[in-house]
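This document starts with one chain, in the form predicted alone, laid out as structure tokens.
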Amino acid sequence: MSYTPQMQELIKKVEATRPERVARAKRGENFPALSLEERAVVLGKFHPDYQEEGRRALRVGPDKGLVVPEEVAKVMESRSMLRPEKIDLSKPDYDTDILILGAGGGGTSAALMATDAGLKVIMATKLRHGDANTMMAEGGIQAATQECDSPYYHYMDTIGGGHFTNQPDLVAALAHDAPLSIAWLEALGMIFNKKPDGRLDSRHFGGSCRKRMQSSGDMTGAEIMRVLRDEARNRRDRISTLEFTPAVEIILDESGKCAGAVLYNMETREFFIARAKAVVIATGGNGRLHIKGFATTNHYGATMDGVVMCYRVGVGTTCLPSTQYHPTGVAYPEQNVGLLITEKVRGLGAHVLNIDGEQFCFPLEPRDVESAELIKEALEVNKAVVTPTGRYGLWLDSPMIDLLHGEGTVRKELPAKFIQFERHGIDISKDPMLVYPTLHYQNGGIAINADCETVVPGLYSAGECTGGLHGENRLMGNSLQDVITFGRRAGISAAKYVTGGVELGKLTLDHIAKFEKELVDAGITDSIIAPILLPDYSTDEVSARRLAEARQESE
């Protein structure tokens, strides 16, 4: 499905303005960035996080009264799929030193560090090992590896990008560990983009004051996951991986320590008890909740499970109301809708343009500001391209990249994107891409400290399911650094806790009954069952048939 004849006519407007824009870019002239005051105005008026509609206060739990998106509130106020009185915890099916829930970048990093301490690890994951947002991350990973840079600048960029709402100890840990993470990944065999002299090829990104973005083409997350997964599989004597087996509840012991989890085999529909001296939650984000109806870049299992389970055992959250909308998700062709177009495209010089081929924003604003500016151009200025299915889109002028850096740069720097569009008859080195903001990242989540500890002894967390690091807006490349830095820290902290000596008492799920009583006391009688595990994309017609079948069975 190439561009329609109508779209091809509109592309001529982009081509007409391109020579002048390329000339300006070569002279180092940029569209002016917004001031802090101007950013505040556009965010307040157009960014979904700042709109009151579709948000409400939580009515139960440690964060009672916190205003969050309706979709988040529904899962936070949910009922368990378990009836605790019917679960026999006295005979665990699995027994291990450390149980890791989630097998993406954060979970696998934690597993590797825990086994370095000589411990046995079980990783339980919803889909396959590596089916995670880590695998889908494209543009790069931040680390102050260049002579002109330092962890100080990394720290300041991250704090500024998060609108000074970040948790300082987490940011300091990230900035400090980032160069060490790069060295660790290289030691595992990761292939980074390099200059001819063998040095890392670092680039700018939105919100950066230094070139700090290391990458592996536009498949950086997949390359990270490749080396992590390979190393984990080389340690099968110490790491067992349970695929298609997500956790549905955390288990405590009678003294309140974390003592494992109840697992659910998605193929056999059986529940299993996993006892562990420590648990690491690394279950990823919430994109598949489709907040405010936005498309998402997230993998199929991103349904916020870890936050829900931790909330029931009394672990609060940080920055939970905040969601990141990536400014450039695919708006056309329809088969690619929501697919991430990495910020690296704009870092290489591509402009975002309206229907008339006009540049209307600085291309490297922080992501929330950039997203708000695209939404403004579409909804208020009314200069969006409308696709055949009625979606809004703005042009991302990728052919500029070859004109600025030499023919073949698009194919070299963006191989995955080139292929993903080429299969639909679109050559992104010749024609621009059509983009619009898409739901991308769960900024807030489980409250932790710099050692990845929660308020529950023996319960740790790392990666996108946690909150505080990014504040109310994440900078590009800090997500992949997040899963490596805090995945490693979680594994080290959990191992230290276990080797210090842990004696587990009687296992219990009493917290479920306590939480569900709180729901009843709050008058919440229509709560859903969660974790929801997988999104439901059934049509109304199919859902109606299911209800009819359920009624017939009950009769």
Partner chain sequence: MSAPKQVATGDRAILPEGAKTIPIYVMGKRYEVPETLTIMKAMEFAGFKFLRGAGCRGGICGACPTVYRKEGDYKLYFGLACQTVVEPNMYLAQIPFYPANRAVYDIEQIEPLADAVHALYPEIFRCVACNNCSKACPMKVEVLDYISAIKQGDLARAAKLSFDCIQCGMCASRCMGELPQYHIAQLVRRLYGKYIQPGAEHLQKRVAQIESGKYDGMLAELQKMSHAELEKIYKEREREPDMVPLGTWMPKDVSHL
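Every value quoted in this text rests on a predicted model; they were computed, and no experiment measured them. Numbering follows the first chain given and starts at 1.
Just so you know, the form predicted in complex with the partner chain exists too; it's not on screen, but the next bit is about it.
Within 4.5 Å of the partner chain in the predicted complex, a heavy atom is found for all three of L180, R288 and F294. The partner chain in the predicted complex comes within 4.5 Å of no heavy atom belonging to G425. The partner chain is not shown here, and in the predicted complex it never comes within 4.5 Å of any heavy atom of R55. Residue contact with the partner chain in the predicted complex: T499 places no heavy atom within 4.5 Å of it. Using a 4.5 angstroms threshold between heavy atoms, F360 stays clear of the partner chain in the predicted complex. Stretch-level contact analysis of 80 to 88, 151 to 159, 255 to 263, 452 to 460 against the partner chain in the predicted complex, using heavy atoms and a 4.5 Å limit, identifies 151 to 159. Only one of E380, E407, D95, D356 comes within 4.5 Å of the partner chain in the predicted complex through a heavy atom, and that residue is E380. For the options K120, H299, K74, R275, the residue carrying a heavy atom within 4.5 angstroms of the partner chain in the predicted complex is H299.
Residues of 452 to 481 that come within 4.5 Å of the partner chain in the predicted complex, judged by any heavy atom, do not exist; none qualify.
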